[in-house]
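Read on for two forms of one protein chain; each stands alone as structure tokens, with the labels structure 1 and structure 2.
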Structure 1
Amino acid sequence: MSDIIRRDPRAEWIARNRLHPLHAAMQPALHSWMGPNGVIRKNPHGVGFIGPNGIKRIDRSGAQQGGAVKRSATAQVQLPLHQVPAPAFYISVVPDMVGGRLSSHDRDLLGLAHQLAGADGAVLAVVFGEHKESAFATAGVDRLLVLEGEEFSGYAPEQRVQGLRAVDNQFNPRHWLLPDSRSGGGELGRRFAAALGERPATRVWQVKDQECIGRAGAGLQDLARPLARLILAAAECAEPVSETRHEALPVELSTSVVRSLSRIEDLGAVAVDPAAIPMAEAEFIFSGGNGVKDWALFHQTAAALGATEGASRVAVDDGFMARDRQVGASGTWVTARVYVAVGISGAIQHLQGIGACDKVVAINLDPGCDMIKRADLSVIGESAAILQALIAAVEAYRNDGRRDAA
């Protein structure tokens, strides 16, 4: 018998034709593999089999796999641990920590820091005051330095600059990374650059080939300059860390921070009307859809929660909300930390518009709708009864706080 391997043109054509009933049978049997960082990857298109009528079937009972026991959906995947026992240098990151937690902008910044750190460097995160974040390890922090004290609380850019100078003297980072944002990182980075006598690279969206590429000309042009020591990066400057977990070892300053005579008096936070906050900048959005039957109760709940009101396209088209309150691909793309969807089924355009939201809460009667599948927390029931219970819970919480203060 000849050892010559002969081609089968018909089989090759079937393997290329995704509409052919035997297309899946001609594909390689590899359904999962290990990525370069040790994370198991799966091919969702490789699941299933072709039935006798040429229709692809997916058997989730395990019978087609020989009765294999399926892994629990709640099982946690253990990411490979990235360790730097003796860092050759540090890349310091000062996240905004809005609300005491890492934002998506902060995570992008940590991803950029790991690009600059490579295999020999370590990412040092500098956090001011108390925080609520518990996922520094999975966000890519190798060393964590928390500068505590009342002098760093509130709006205290001068004292924070003194703290960063103390960190610079002790750790001598190769690069400083701060978010170029309106949440404090942009101002703090420019003040810190003036204190160090450095010329920062601002509005940086890419670091490549020892160059910083930033926005210029009202965001219409790109400006390339040599890699700076102090970088103020824009959102989506890099992919966040997702395939490794890190030590997040706590470190401390060897010397105390010099207290500066502040020329700024912090008068505290000022109450802002949630309705006056633009949708794209709102941190807490309470959005209603076709399932809302009592809109007066909806507005009352939003006022009790102090949330910015939003709406689906159906609610806007029906005249219940203004056009500028529409959320979605055909309306406004939002990046809220908490997004509450009341009576919204979850059209694809709406889900695209809330894709960058951190936490999504869904209130709906249909447990199988797409919004329930997208939500981090779901409440199944009549919206009117749930909203009334929510208002009562908020009022009880506030009354207890007033009695404790008294």
Structure 2
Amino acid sequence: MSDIIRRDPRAEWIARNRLHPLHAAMQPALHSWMGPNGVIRKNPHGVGFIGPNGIKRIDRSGAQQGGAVKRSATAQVQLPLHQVPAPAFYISVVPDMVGGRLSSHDRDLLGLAHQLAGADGAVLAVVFGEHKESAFATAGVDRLLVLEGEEFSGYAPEQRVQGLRAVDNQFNPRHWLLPDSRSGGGELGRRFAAALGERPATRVWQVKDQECIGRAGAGLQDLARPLARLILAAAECAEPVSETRHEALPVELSTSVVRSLSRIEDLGAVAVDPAAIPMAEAEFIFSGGNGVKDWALFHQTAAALGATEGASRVAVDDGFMARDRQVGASGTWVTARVYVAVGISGAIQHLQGIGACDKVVAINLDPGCDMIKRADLSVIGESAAILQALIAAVEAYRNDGRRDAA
């Protein structure tokens, strides 16, 4: 519901009708009463009511009746709670958790898990390391197992397989579901399948009647087979859970995970030239628009942040940025996780292009523009000053890190 304040004719009618059971509740707040010293006290703020335009109206004709109750528009729906007190079996899901949150692929997978679990089974989500997700309950997680420890941090696929084997021994899930994605799930699932000796069903896009269908070969054929125990499912394999709330009860492993001797050592991420990453798949885009006056400073900030540069249509038309850097309907539809818009007011064509972005940061002079409505964090101010402060802050942060490491 919108926040527009409206007259409620029914409430006014109840307030006029002394015989209505809700009559007392609809009376306007008392605004004059006898004080302790026998003096009449008045509350001048209690007089009148808030009109349809949000302006206080005082009607002295005596016709005013209805309560001055502002009807708030809280439509927070509490979904019904789905409980599995004693699960007959488990369906285990290992979400990717890109950036520490459930991706849409993970949510689809949880939907598929619920399809397989029915009413008796419980969906067990196995999450490695720290996470930032707070919506496990609405995503459909009945039991949550967080495997923490520095051995699981970074790139440690062999150790994670050991963790999954321990989960397999303890819970013996009926099915294992992993996302068949490039961001970890596909690899982990296949490693786990090889370790278990199970033959997984890969790139599965439909599970129906104890049969699963997955893409085969280069995508020209489908492979239909009986439901496998280990399923690597493609994106949009099922509808995500949307009508129930779940417990997300934390569970723990009773045994400690075997430490595997790592034969692959993670030496960390390598700096990649951000300009060489295609815009459509860049993770972090720093985009400039009409509000940017100092383009040299803009490029300098993008370099300092290590971000891929983008631009709005105006900036491209004015010749400040190349055409292939344009974000939006007639440019590139980007999928960045973090999108920083500097001086972009947010035309609808531009907002369409950043529809898939996770976090949007806006730097703008106009507090009423559409980009600010879309953004998760907006800073109102002159872009040049903020960019300069940002460069200084990044440099200070990096120097601090270096001093801590030394």
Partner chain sequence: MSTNVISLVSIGAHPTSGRPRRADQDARAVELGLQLAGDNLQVLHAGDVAEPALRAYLGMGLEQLHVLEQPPGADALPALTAYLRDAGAQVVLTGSQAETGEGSGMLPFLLAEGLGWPLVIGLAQVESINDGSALVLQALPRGQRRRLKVKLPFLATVDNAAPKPRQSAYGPARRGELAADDVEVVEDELLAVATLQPAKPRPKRLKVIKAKSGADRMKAATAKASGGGGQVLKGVTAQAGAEAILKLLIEEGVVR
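Here the rigid core means the biggest group of C-alpha atoms that line up within 1.5 Å when the two forms are laid on top of each other. Start at 1 and count along the sequence of structure 1; that gives the residue numbers used here. Because the structure is a prediction, the values reported are computed rather than measured.
- Between the two displayed forms of this chain, it is structure 1 that matches the form predicted on its own.
- The rigid-core alignment places the CA of residue 103 less than 2 Å apart between structure 1 and structure 2.
- Taking 2 Å as the criterion, residue 296 counts as shifted between structure 1 and structure 2: its C-alpha moves by at least this amount when the rigid core is aligned.
- A displacement of less than 2 angstroms separates the C-alpha positions of residue 175 between structure 1 and structure 2, with the rigid core held in common.
- Core superposition gives residue 279 a CA displacement of 4.4 Å between structure 1 and structure 2.
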